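There is one chain below, alone, in structure tokens, taken in the form predicted on its own.
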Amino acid sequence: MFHDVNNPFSHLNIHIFSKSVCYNRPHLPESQGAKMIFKTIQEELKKLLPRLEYERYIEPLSFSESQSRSDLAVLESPNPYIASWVKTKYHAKLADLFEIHTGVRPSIHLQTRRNNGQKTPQSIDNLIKESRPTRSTLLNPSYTFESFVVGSSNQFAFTIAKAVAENPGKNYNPVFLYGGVGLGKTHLLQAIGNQLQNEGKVVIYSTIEQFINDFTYNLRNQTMDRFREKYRSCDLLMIDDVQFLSGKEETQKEFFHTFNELHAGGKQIVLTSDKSPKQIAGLEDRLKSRFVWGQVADIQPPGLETKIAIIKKKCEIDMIALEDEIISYIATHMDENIREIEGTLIKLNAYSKMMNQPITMEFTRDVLKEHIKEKRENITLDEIIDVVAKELNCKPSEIRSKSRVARIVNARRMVIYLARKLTPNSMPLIADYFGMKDHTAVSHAMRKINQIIESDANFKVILEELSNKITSRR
């Protein structure tokens, strides 16, 4: 009933109506013509993608003349890992480009070529059956409540989303989830959709960009009845990135009426944004007021423990074997964007398979070097204290004081350790900064921290995370 638009290339409108889908697509051109079109599509992707990305994933693909039929385009890759990567990342873009060139939006099937050049045996009927959209694959099936890792940063949003899925249109309507990019808003949105769709509910999922494009198209073609039938005849409407409604006066007016009709009919509405309703500039006050009628929940960047748990969960789902040291390395060296972290895990596993190499620490550093945050120099003691104070929930002034409270002493030792690691300051200079008698107090703090590091692996990871936060500050 909707289209998965997590892929950044996906931008076309997908029209979904009621509980059944009609397929009235024209045929693709004759296979030879379609093959040439695919060559043209490859050339276009060559201009859009980074050179290495194109050479690794797009250039090796070939178009199967014998197996492509009607609204099905069969592409072949040299191994299953490239096929899986292309299916995950470029599936929607390939369909978009075929539609632009042919007027047909085909289903895209990826299969692996045999080493002797023969195609993997599979009947056309099976291919078409596999590629045809079904109710169970309209949303990303991996976005479920079970696969969502809950931590202190997202606990409230998770609880609200779960309550909505279990009792839609009742206690929390609308629900407005907001937070930074890649923190799990879309995951929770589609988890609600997956659960209700499995219960037979009519679900529409769209980005606000799709909604705007759909509105513009139907307005221009005088088919607004079709537009309203689509968006107002559902049990659940989910709209991603509503902040992009900003400044779109005509679309806001239509969305206002759509919202009112669904809400009055007891239909569930769930919205996401990168900021709270009150912070969205260029949004009508009457929409802002409606967005906070139900429940507003923010999702904060995950802490280190949550990041590690997310990586372990993703490895479990995708059957990726990583040592704890490597998991800690990824968690501490990458930003809080969960989508990027998941992407690096896929990349790491794909490279390991393609190169037939085990995932060691050295291999991980090499593969992920372009994803790791750049470090900077000229770090000051004040900056170190600010980061440590924020992470340990204490005041910078407390760390600089002579307090003997255990948590403050621990924070001060961590600052001293990081100052010795990240700055050229000598022990006498650090002692002077803290008003200590001499450098022996700094030396004692360093010994104590090193003892804890040797006995507590988790403490070492926390220090590494603090170090990366400090060196990556903008």
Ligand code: ADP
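Fair warning: this is a prediction, and the values are worked out from it, not measured in the lab. Residue indices: 1-based, along the sequence shown.
Only in words, not in the display: the form predicted in complex with the ligand, which the text now covers.
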None of 147, 403, 233, 360 but one has a heavy atom within 4.5 Å of the ligand in the predicted complex; the exception is 147
From 74, 175, 384, 338: within 4.5 Å of the ligand in the predicted complex by heavy atoms is 338
- Query: Applying a 4.5 Å heavy atom distance criterion, does residue 296 contact the ligand in the predicted complex?
  - Reply: no
(message) Given that the ligand is not shown alongside this chain, does residue 259 nevertheless sit within 4.5 Å of it in the predicted complex, heavy atom to heavy atom?
(response) no
Given that the partner is absent here, does residue 154 sit within 4.5 Å of the ligand in the predicted complex, heavy atoms only? yes
>> Is residue 183 part of the interface with the ligand in the predicted complex - any heavy atom within 4.5 Å?
In response: yes
### Complete contact of 312, 333 and 460 with the ligand in the predicted complex (any heavy atom, 4.5 Å)
no
TL;DR on 393 to 401, 191 to 199, 216 to 224, 175 to 183: the one with heavy atoms within 4.5 Å of the ligand in the predicted complex is 175 to 183
Of the residues spanning 85 to 99, the ones with some heavy atom within 4.5 Å of the ligand in the predicted complex are 89
Under comparison with the form shown, the C-alpha atoms of residue 314 and residue 88 in the predicted complex shift by 3 angstroms or more, placing them farther
With a difference of at least 3 Å, the CA distance of residue 154 and residue 89 in the predicted complex shows the atoms closer
